[in-house]
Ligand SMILES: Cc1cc2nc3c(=O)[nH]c(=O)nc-3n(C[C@H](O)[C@H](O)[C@H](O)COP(=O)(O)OP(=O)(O)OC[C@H]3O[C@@H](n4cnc5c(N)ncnc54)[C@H](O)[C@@H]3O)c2cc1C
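For reference, the chain that follows is the form predicted on its own, supplied as structure tokens.
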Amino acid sequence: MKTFDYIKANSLDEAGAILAASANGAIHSGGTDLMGCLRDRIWMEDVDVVVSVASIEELKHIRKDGDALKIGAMTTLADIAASALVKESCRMLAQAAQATASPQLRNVGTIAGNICQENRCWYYRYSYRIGGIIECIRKGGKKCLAVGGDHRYHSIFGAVNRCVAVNPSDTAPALVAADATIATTKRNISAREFFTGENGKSSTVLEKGEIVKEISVPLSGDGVRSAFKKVALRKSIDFAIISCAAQIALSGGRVENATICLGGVHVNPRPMDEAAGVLKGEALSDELIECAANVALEGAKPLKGNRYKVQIAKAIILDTLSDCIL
């Protein structure tokens, strides 16, 4: 690991100023992703300063505020998973937090860290300690090495800037499906617009010096049900092969509104609007849910080695939607 300055910020303004003035700074909250990136030196540019926001108490909270649930950026995944308020207001988010990593990591990892973590690809994350940095397309190289190599866990919906790495966040699909808003030190960003494959190493639209402050999730009304499901090799710790978050609003026995979002299938969390549209105005049935799952995967473009993920994605949509109506 290269040496860097470590600064404990006392306020968000101070943290933002330090990051803005640095050549290549990084923010530290729980550090469960950051420390691996630093240790393995996966980036082309070495980090010169790491700014800790761990002691800023205003970033740690779960509370109702009007018609929204407000969650501070430094709130741990364990606290979110255990919160009766989150379970009542947005069940799928509590389930997603509970499904993330191991108990030890959930006790340290934060909601902001989970949505801001680097995308997953073993070529992009190839450790410097093994054989030096691999210059894949995401690092400014000439091609995506996964396309012609081992891509068994990569995107089944094509590339963004020729990269087929996938977004690994478990909470991201739930926040997208819930129509959450992410408040930063500069602006409010819809969860749908927060993630991007356009910024090189970054998986978000955050600008230099911009820090996540709080996440606002609309409170669920009467008749609104949600669920989150995840398929991973090892349930206790692994990143999702496929994950799914869904929310359904029922009125008079019919679907008034619905949202579905897949994780682990694309560079960004993948909203399934056409599939959700199949459900609207209809009475839920096994046949309707299966139709929605088929519509969701009509635009899939799997690579040779990850075609199996299409069938898993269909199955997990079926399971998630079924869980919403139990």
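All figures in this text were calculated on a predicted structure; none of them were measured in a lab. In case it trips you up, residue 1 is the first one in the sequence shown, and so on.
Just so it is clear, the following notes concern the form predicted in complex with the ligand, a form of the same protein that is not shown.
Peer 1: For a quick test of understanding: in the predicted bound form, does each of Leu77, Pro168 and Asp238 have a heavy atom within 4.5 Å of the ligand?
Peer 2: Per the other structure, all of Leu77, Pro168 and Asp238 touch the ligand.
Peer 1: Quick check on this chain: which one of Ile248, Ala178, Val86, Ala112 has a heavy atom within 4.5 Å of the ligand in the predicted bound form?
Peer 2: Only one listed residue qualifies here, and that residue is Ala112.
Peer 1: Heavy atom within 4.5 Å of the ligand in the predicted bound form: which of Ile189, Ala101, Val224, Val217 fits that? Just give me the one.
Peer 2: Filtering the options by heavy-atom distance leaves Ala101.
Peer 1: According to a 4.5 angstroms non-hydrogen atom cut-off, is Asn257 in contact with the ligand in the predicted bound form?
Peer 2: Contact with the ligand, no.
Peer 1: Asp40 near the ligand in the predicted bound form, any heavy atom under 4.5 Å?
Peer 2: Asp40 lies outside the contact set for the ligand.
Peer 1: For Val205, is any heavy atom within 4.5 Å of the ligand in the predicted bound form, or not?
Peer 2: Contact with the ligand, no.
Peer 1: Can you tell me whether Cys116 touches the ligand? I mean in the predicted bound form, with a 4.5 angstroms heavy atom cut-off.
Peer 2: Cys116 belongs to the contact set for the ligand.
Peer 1: Within 4.5 angstroms, counting heavy atoms, which one of the listed stretches 290-298, 276-284, 25-33, 257-265 is next to the ligand in the predicted bound form?
Peer 2: Flagged stretch: 25-33.
Peer 1: From first to last in sequence, which residues of 124-152 have any non-hydrogen atom within 4.5 angstroms of the ligand in the predicted bound form?
Peer 2: Contacting residues: none.
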